[in-house]
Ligand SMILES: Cc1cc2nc3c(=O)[nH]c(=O)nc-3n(C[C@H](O)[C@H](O)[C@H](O)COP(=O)(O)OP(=O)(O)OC[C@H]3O[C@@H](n4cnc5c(N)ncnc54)[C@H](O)[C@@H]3O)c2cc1C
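One chain comes next, on its own, written as structure tokens: the form predicted on its own.
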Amino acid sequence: MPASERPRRRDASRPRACDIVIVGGGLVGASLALALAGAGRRVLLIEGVAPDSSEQPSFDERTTALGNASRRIFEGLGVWDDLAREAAPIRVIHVSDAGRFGSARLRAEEQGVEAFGHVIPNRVIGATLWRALQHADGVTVRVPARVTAVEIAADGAALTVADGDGAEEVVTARLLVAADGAQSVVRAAAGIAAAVEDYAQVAITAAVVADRPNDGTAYERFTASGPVAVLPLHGGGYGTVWACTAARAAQVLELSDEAYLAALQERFGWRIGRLLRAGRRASYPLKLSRAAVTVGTRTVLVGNAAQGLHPVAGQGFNLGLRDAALLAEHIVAAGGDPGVPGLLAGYDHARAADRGGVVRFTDSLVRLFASRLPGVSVLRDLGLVLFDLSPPAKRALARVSLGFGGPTPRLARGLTLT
């Protein structure tokens, strides 16, 4: 661990005063901290696992499809040039209903853009963000560290932070940001409930190599047991996300590489040729989680702490990144106390339409293609065909990366925070 990241032992009886404490240094929390760098605020970022550790769940071999708005946010944060070296452009999106006639294609050139977005491994995004944080003005990083106690009052929050060696420190903050995931400790401490709906699916992820290098096409294939996404990777390979029942996932994870490739080939088909090699497989359960509210007294929730989505259509991180970008924008524009009720209410109102729209969109897709009700399969296939024939519908979907409503963050429009 670089010396600049090692926490210094402090007297727990003398609290460290911060303007903003971000709990959770994953993709969204690290992006928010970087957005606030140089803004004249004392920012503390707390993360439990070192970013280069094999135990870091946020920066594994899973891939993220960044929309163009997210790319512009990363450009504004000064990290896109590094990310672009390992980014694979999405130039075509192909959606199909397995075993049926419904399918649709979107081509970037028809929409007047070079690409709909880019696919990048999470480990690359995480490593890039954390390298930038080492030089971020006004941002202090505590890793490995965890929050052991939280007290929230009208004038601020007080946190007890334990370092990896057991040393504790009390930190005060005018604004406490929960970026610590779907099982958020901060959300629970703030007394904010979350509703969780289990999709009864598990996602299996792996990088694969086929005998046809990718041509920039991203595939979303809906099957009776769940969707299969196949995304282009830098270097010609593919990132795969196979959603299936928990029982089937347990079987798939036990297969040899050869048997796994055969099973995935049978499920996805031959659009990219014969599957030749597979990387390490990982899995995670698929659930929809939604916080009852996303702001509270001196507290705001971002990313998966606010909403955790099914990976269909790849909207989860893009939505969380817009959370971070707009929150930073509100804090910088308002000046003064970052945790006052008016600022948090304004941010919450500004994010409501986008957040609600994305949740409804992804949840509806999952339920529509999982439905076995009579006639539904015919209607959805007709819908895909009609969509494929409708230029206005394609233009609307191509603009999804800007959000589903409400103000688009300035960073997402290629502007500075102020």
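When you see a residue number, it is the position in the sequence shown, counting from 1. Nothing here was measured: the structure is a model prediction, and the numbers come from that model.
Although not depicted, the form predicted in complex with the named molecule is the subject of the following passage.
* Counting only non-hydrogen atoms, choose the one of 165-173, 264-272, 215-223, 308-316 that falls within 4.5 Å of the named molecule in the predicted bound form. => Partner-contacting stretch among the options: 308-316.
* the named molecule contact in the predicted bound form: His234, any heavy atom under 4.5 Å -> Looking in the predicted bound form, residue contacts with the named molecule do not include His234, since no heavy atom lies within 4.5 Å.
* Even though the named molecule is not shown here, does Pro338 get within 4.5 Å of it in the predicted bound form, heavy atoms only? -> The answer is no: Pro338 has no heavy atom within 4.5 Å of the named molecule.
* Asked: in the predicted bound form, does Pro409 have a heavy atom within 4.5 Å of the named molecule?
  -> The answer is no: Pro409 has no heavy atom within 4.5 Å of the named molecule.
* Please run the contact check for Val49 against the named molecule in the predicted bound form: heavy atoms, 4.5 angstroms, yes or no? => Val49: yes, in contact with the named molecule in the predicted bound form.
* Quick check: do Val28, Ala65 and Ala145 each get a heavy atom within 4.5 Å of the named molecule in the predicted bound form? -> So, yes: the whole triplet contacts the named molecule.
* Listed residue (Gly181, Pro89, Gly76, Pro121) with a non-hydrogen atom within 4.5 angstroms of the named molecule in the predicted bound form -> Comparing distances to the named molecule in the predicted bound form, the residue within 4.5 Å is Gly181.
* Listed residue (Val95, Val241, Leu83, Leu288) with a non-hydrogen atom within 4.5 angstroms of the named molecule in the predicted bound form -> Only one listed residue qualifies here, and that residue is Val241.
* To do: May I ask you to list the residues of 184-206 that have any heavy atom within 4.5 angstroms of the named molecule in the predicted bound form, in sequence order?
  => Heavy-atom contacts to the named molecule in the predicted bound form: Val185, Ala203, Thr205.
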